[in-house]
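Just the one chain here, laid out as structure tokens, in the form predicted alone.
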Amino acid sequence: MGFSTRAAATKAPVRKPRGEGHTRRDEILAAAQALFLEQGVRATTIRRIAERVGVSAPALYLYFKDKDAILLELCDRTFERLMRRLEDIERLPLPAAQRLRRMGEAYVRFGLEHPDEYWITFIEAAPPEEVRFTGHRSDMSDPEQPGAKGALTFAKIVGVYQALASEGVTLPYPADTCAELSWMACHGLVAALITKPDFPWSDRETLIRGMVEVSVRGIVPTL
């Protein structure tokens, strides 16, 4: 149940004096993340989260309408941190092919550096209701709208493939499909290394660079 290989290392957040606004929201999010890792998202209830924080369930509802809203904000925060890394690469004066490779490596390294957040966002949980049927194609017109961060992050990868096309590279599929294929390859590596940490894998750095190279050349052999 839950992410047992990580849960043992996850401690319950220390209860703080009752606060208001963002402080209380942060306490709720920290408690929810710990419980999601320990018990799984499905098994975690609002009542359990409230007990972990030290408030009543009705008090928790003043900050989040339901468990999906909590999960969505946790995912948005993870995506925002990942997006910042991709934006740093996006600003580099490099050919699109180099940016694509760097973004692929940055994605994998981010997941391995933040396994708890990655587990909740990409592996353990079913997508929150707000993005269940839109996912990476969610409305991006308001960057602060709950659920928009994932789509905005994915758009960074799409943008690199569009840049390749503008440089004269012939893409075998639409840019968004190429981006999906890139994500699937990198996600598979991150998921394997997170869920099977004791498996006798090859050298991690070799796997990271190799998977990125395989995915790039598999989609666009000329790069």
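Keep in mind that what you see is a predicted model, and the values were worked out from it rather than measured. Heads up, when I say rigid core I mean the largest set of C-alphas that superpose within 1.5 Å between the two forms. Position 1 is the first residue in the sequence shown; the rest follow in order.
The next section is about a form of this same protein that is not shown, the form predicted in complex with another copy of the chain.
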{"property": "Heavy atom of each of D26, A59 and F110 within 4.5 Å of another copy of the chain in the predicted bound form", "result": "no"}
{"property": "Distance check, R47 to another copy of the chain in the predicted bound form, heavy atom within 4.5 Å", "result": "no"}
{"property": "Touches another copy of the chain in the predicted bound form: L189 (any heavy atom, 4.5 Å)", "result": "yes"}
{"property": "Partner proximity in the predicted bound form: Q162 to another copy of the chain, non-hydrogen atom cutoff 4.5 Å", "result": "no"}
{"property": "Proximity of T121 to another copy of the chain in the predicted bound form, heavy atoms at 4.5 Å", "result": "yes"}
{"property": "Interface stretch in the predicted bound form with another copy of the chain - options 49-57, 162-170, 175-183, 26-34, non-hydrogen atom within 4.5 Å", "result": "175-183"}
{"property": "Heavy atom within 4.5 Å of another copy of the chain in the predicted bound form - qualifying residues of 67-91", "result": "D68"}
{"property": "Rigid core superposition, T177 Cα moves 2 angstroms or more between this form and the one not shown", "result": "no"}
{"property": "Core-aligned CA displacement of Y107 at least 2 Å between this form and the one not shown", "result": "no"}
{"property": "Distance direction in the predicted bound form for the C-alpha atoms of D68 and P115, relative to the displayed form (3 angstroms or more)", "result": "closer"}
{"property": "Note on A69-I194 C-alpha separation in the predicted bound form, which departs from the shown form by 3 angstroms or more", "result": "closer"}
